[in-house]
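Below you will find one chain, with nothing else, as structure tokens; this is the form predicted on its own, and questions on how it binds or moves follow later.
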Amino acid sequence: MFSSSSTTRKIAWLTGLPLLLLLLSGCSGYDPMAWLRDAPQSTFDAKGPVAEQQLQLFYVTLWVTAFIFVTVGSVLAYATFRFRQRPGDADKPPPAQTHGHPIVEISLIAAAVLLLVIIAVPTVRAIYDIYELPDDEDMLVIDVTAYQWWWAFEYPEEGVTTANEIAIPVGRKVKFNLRTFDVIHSFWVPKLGGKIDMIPNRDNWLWLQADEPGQFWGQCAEFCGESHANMKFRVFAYEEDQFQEWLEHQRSDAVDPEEELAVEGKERFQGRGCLACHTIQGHDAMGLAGPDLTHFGSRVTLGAGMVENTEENLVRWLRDPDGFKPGNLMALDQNVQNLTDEDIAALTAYLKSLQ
């Protein structure tokens, strides 16, 4: 059992600590949220109108609930300290009670309703703004299909298909048509907007916009199997002229390899049956079970956003895809399991040549 004085000190600490943090946040040069904003998947570093509106809604809710916490905590601390039982008070009558006091109870009800209204108004506005498609003739459309555990991206109006990396123009609204090939997934780019589920046999969508150039991390936010945590992607926001250059490059066929080892790798790619699962535009590979590899060598990441697309990481992937991403279909392929060091070296050279 704690003594009354001990309990009072604990309550004072619990109510005083948030106040101290709030005071420190106003000090010049001190930014308690910096470590959150610097994280690659931080929702506190909004880079688009959807994310910004959701962030402001979060702050409204945070400050209202913080006000409630501090007010109730302060009253509790005061009552605990002011009306605590002291030695010799056992025979004294209890202090006057306010239970059943109409003015007090009506005032508390009115205050609670007011606080709920303060939260409800921006919440309803945000729901309508986010779930109503903006009237914009210049809107870019991207079809997103989620697989276990990678992403396919198609630009139907541009004639472009890619995987695990999205390019969008800065300042333009983008509509993402969302669907899943297998189980429930969830599409989430924290710095551009909130997540939305992708449910089998049900089409869904959301719109986002990037206000500045940069690389934004994306993630499946719904548990979808053993490699759920490894199902990532990247969104690259380019200025309009750079975005058009990217589109033009993506429309082109994969170049034929010139280096001897890469030429050999192309032959092994075909001979090992890799073309049954992957598409390489212009190279007679039309598989649909795995990611499109037409311009694989020019991508920044490997393994659905897991690591940088380097020669070393690609060798690791080909040597042990199941260890790299448990449960992926490639690890079950007998041809992949039987790859020799020579096969891996040649395939690496070929895949890196697909710029």
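The first residue of the sequence shown is number 1, and the count goes up from there. Predicted, not measured: the structure shown is a model, and the values here were computed from it.
FYI, the form predicted in complex with a small molecule isn't displayed, but the following is about it.
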Non-hydrogen atom within 4.5 angstroms of the small molecule in the model of the complex for each of Gly273, Phe296 and Arg299: yes
Non-hydrogen atom contact Gln209 with the small molecule in the model of the complex at 4.5 angstroms: no
Close approach of Ala345 to the small molecule in the model of the complex, 4.5 Å, heavy atom: no
Contact of Arg316 with the small molecule in the model of the complex (heavy atom, 4.5 Å): no
4.5 Å heavy atom contact, Asn164 to the small molecule in the model of the complex: yes
Proximity to the small molecule in the model of the complex (heavy atom, within 4.5 Å), stretch among 38-46, 285-293, 51-59, 65-73: 285-293
Answer option from Arg179, Arg234, His228, His278, heavy atom within 4.5 Å of the small molecule in the model of the complex: His278
